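Taking the form predicted alone, here's one chain by itself in structure tokens.
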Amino acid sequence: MVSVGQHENIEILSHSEVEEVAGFVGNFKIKVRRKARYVTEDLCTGCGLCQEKCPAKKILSEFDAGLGTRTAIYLPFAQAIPRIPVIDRDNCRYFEEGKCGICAKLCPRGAVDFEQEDEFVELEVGTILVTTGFDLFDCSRVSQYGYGTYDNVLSSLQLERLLDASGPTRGKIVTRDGREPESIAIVHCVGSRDKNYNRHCSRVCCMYSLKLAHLIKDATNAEVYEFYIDMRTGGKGYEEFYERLQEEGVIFVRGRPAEVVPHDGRLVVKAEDANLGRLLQVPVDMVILSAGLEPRRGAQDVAHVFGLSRSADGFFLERHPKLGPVETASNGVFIAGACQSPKDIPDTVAQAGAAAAAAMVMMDRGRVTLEPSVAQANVRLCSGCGECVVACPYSALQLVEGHVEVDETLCKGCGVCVGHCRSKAITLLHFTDEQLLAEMQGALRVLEVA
């Protein structure tokens, strides 16, 4: 990220979001909202004095997954580029009471600006890459595991923060009362491969659970139990790592736990060992829930803005799983990473490179091939109701002077507008009702002769 921030041809618009996308491939017009961070980027040097002196120090840190605290002016995450803090209006005393303002008084550059407002930036681009990432499954939805109820039931992300040398415990794994755990259970597939939540496999859970077990063994003397459905370790060196964990003494139990309950100050994991064919009750000091991957919150809004389709599991849909894995139905819009499906870091990096290459090829070519079957509007029949405009997933239709017009560069010939048009003013080129009926009659005639 440091290299990206220093690259002369890359402009980073952090703390921003895309509001509108208009136009078509080679001529996209994008409206970006730059949210007010109440810190002037050109003046701030990232010295951190404002964060050090801010009196609001009891706010739960999102970056530390709720295990640590932050101030009202803070960096959203440790590797933020550029290193410009943002003020949390909901917890800042200046915005709540009109008092304080210590950060503004002490800033040597005068970078803090409480009057800053959102700004809008207009961009003209030829291609778009969508890489919005994923959300981690909220483990509290699986109530039988006690996440959010029992102190020592943690998510996998919380354990990652405990293991980090810059985390809330400086790399030490401890229970909520400060003890080093003697035994830890790791539960796989929480929120994944489950018809009650997400049917899809999140792909990374098995491997990062094995990694966490290895790190726990390295940092503590705790006994580690891994409760899994089946081990999916597909990748270079992954199966070998699984075998290494067995040699390190990690205990693997093939079975999804039924519940986690407290008992005598500890936690008891109730499960069935499918290999042994018996029920188990394993007492542990800490339970780690390996959360699955989900589509980002607001993915539907992003899909609407960029003209993307979504698969049944909610992830963005590629044009073709084999022939166009990084392309979408909207020409010039590409996807990469876990916004398309759950994937690990190597696969994400590979797909990001493929998406960048595909965008460059399209720009170098200088021209695109349009769909042969596009919607056509009969102005005389159009009532101007606008239902087709709302229904179009590619924003290819718009009302002009009381009737609909079709932008053929955006239309993908999906036929959704045809189905929504009550006055039959829209038809699909080469797929009119008359042509479809003629094809059906011809096919039936051939069957009769046969």
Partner chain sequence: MPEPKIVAYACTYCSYPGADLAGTLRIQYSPHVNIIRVLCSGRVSPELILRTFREGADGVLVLGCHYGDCHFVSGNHRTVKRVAVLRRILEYAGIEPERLRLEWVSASEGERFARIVDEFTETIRGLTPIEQVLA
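All figures in this text were calculated on a predicted structure; none of them were measured in a lab. Here, rigid core means the biggest group of C-alpha atoms that superpose within 1.5 Å across both forms. Residue numbers count along the first chain shown, from 1.
We do not show the form predicted together with its partner chain, though everything after this point is about it.
J.: Just one of 385-393, 22-30, 61-69, 35-43 has residues with a heavy atom within 4.5 Å of its partner chain in the predicted complex, so point it out.
T.: Careful reading of the contacts points to 385-393.
J.: Within a 4.5 Å heavy atom cut-off, is residue 416 in contact with its partner chain in the predicted complex?
T.: It does: once its partner chain is placed as it appears in the predicted complex, residue 416 has a heavy atom within 4.5 Å of it.
J.: Please tell me whether any heavy atom belonging to residue 250 falls inside 4.5 Å of a heavy atom of its partner chain, as the geometry stands in the predicted complex.
T.: Outside the cut-off, so no.
J.: Answer yes if any heavy atom of residue 131 is within 4.5 Å of a heavy atom of its partner chain in the predicted complex; otherwise answer no.
T.: Contact with its partner chain, no.
J.: Is residue 224 close enough to touch its partner chain in the predicted complex, meaning at least one heavy atom pair within 4.5 Å?
T.: Answer no; every heavy atom of residue 224 is more than 4.5 Å from its partner chain in the predicted complex.
J.: Quick check on this chain: which one of 233, 309, 378, 169 has a heavy atom within 4.5 Å of its partner chain in the predicted complex?
T.: Filtering the options by heavy-atom distance leaves 309.
J.: Counting only non-hydrogen atoms and a 4.5 Å cut-off, give the residues of 430-446 close to its partner chain in the predicted complex.
T.: If the 4.5 Å heavy-atom criterion is applied to its partner chain in the predicted complex, 430-446 yields 431, 432, 433, 436, 437, 439, 440, 441, 443, 444, 446.
J.: Relative to the superposed rigid core, does the CA atom of residue 375 travel 2 Å or more between the shown form and the other one?
T.: Comparing the forms between the shown form and the other one, which are aligned on their rigid core, residue 375 does shift its C-alpha by 2 Å or more.
J.: Rigid core superposed, CA of residue 55 - does it shift 2 Å or more between the shown form and the other one?
T.: No.
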